[in-house]
Each structure stands twice: as structure tokens, then as C-alpha cells.
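As a starting point, one isolated chain is supplied in C-alpha cells, in the form predicted alone.
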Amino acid sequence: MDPNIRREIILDNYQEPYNKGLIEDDNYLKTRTNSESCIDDLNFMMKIEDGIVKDIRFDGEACAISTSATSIMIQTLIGKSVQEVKDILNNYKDMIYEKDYDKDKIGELVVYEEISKQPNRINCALLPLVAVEKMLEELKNEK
């Protein structure tokens, strides 16, 4: 990916993140994630109905990588089935750790394909993934 396009996508999603701001609704799964190596401290909420992700929201303080990764991931996951979400998360994680992955499945999240070159930023890029995985685990435990 062209570095200028990558930078623009990350900056746009940092400056005007998608679905930032929490709401009062008990029908959402909720979790909090933070990073020991960065300022990242985010609250997440996700609504799943009939096995489909209907909404994901977040709020808190985070660096440009965490905020933009969260924004892009939310846009990628809304409207997907739980199984599709798991597949996207697995491919994203594989990309981050430089394993084989399917670019078509992760959409704009591909902007982080070179994040492994900055090891101190890997956790920042994985923060939204950790949050979604925690909420999916909570969903599984509720059943």
C-alpha cells in the first residue's frame, strides 16, 4: 500500500473516529482494554442480534494507532456474522504477526500490515481486537 494513502487513512480515522462515544443500553456487551506501554485506555460496547454485529462503540483516551485501528475495525465488523468477525480477527492477527493472511477479508485494516516493523506499536494495533475477542467470549459464556 502506498505510504501516503496509509498515512491518510490512519490520520482520518484518528481525527474523526467512527462510532466514538458510548450510549446507555443494557443490550450491549461491554469491556475495557488498556495498554501498559501507551496511554491507551478504551471502553468498548458491542451489540449482537441474531448472530450479527449490529453496532460497536468506544470511548476513552488512546494513541493514533489504537484510535484509528479501533475506528477501522468497527467499520469492518458491523454487519458481519459472529463467525465472519472471528475470521476477520484471525486474519488481522496473522497479518500483524507476519503470518499468511487473506487481505480481502480485512479490508482497510491492511493499513497496519507493516506495524510489526515497530514492535512497540503492535499492542496499540491489537487493542480493538482484544476488546472484541473479550466481548465475544462474554457472549459465549452467557449462553
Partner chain sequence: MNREDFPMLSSGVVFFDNGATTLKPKCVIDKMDDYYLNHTSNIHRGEYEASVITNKLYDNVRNLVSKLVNCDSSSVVYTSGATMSLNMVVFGYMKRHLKKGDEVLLNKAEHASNVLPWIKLSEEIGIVIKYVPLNKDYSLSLDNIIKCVTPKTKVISLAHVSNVVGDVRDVYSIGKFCHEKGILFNVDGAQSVPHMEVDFKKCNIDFLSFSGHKMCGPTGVGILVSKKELLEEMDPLCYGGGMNSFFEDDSSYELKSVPTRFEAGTPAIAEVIGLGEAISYLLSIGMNNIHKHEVELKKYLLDKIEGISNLIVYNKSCDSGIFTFNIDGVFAQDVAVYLNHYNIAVRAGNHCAKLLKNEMNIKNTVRASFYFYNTYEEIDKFVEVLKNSKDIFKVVL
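Positions refer to the first chain, counted from 1. Keep in mind it's a predicted model, so treat the numbers as computed, not measured.
From this point on, the text means the form predicted in complex with the partner chain, which you will not see here.
S.K.: Please name which of the stretches 47-55, 63-71, 91-99, 77-85 has residues with heavy atoms lying within 4.5 Å of the partner chain in the predicted complex.
M.R.: Comparing against the partner chain in the predicted complex, the contact stretch is 63-71.
S.K.: Do all of E114, S116 and L129 end up near the partner chain in the predicted complex, with near meaning a heavy atom within 4.5 Å?
M.R.: Looking in the predicted complex, the three residues E114, S116 and L129 all stay beyond 4.5 Å of the partner chain (heavy atoms).
S.K.: Is R121 a contact residue for the partner chain in the predicted complex, using a 4.5 Å heavy atom cut-off?
M.R.: Result yes; R121 sits at the interface with the partner chain in the predicted complex.
S.K.: Looking in the predicted complex, any heavy atom of E108 within 4.5 Å of the partner chain?
M.R.: Close contact is absent here: in the predicted complex, E108 is far from the partner chain, nothing within 4.5 Å, heavy atoms only.
S.K.: Taking any heavy atom pair closer than or equal to 4.5 Å as contact, tell me whether I23 reaches the partner chain in the predicted complex.
M.R.: Taking the distances in the predicted complex, the answer for I23 is no, it never comes within 4.5 Å of the partner chain.
S.K.: Give a yes or no for Y14: in the predicted complex, does one of its heavy atoms lie within 4.5 Å of a heavy atom belonging to the partner chain?
M.R.: Y14: contacts the partner chain in the predicted complex.
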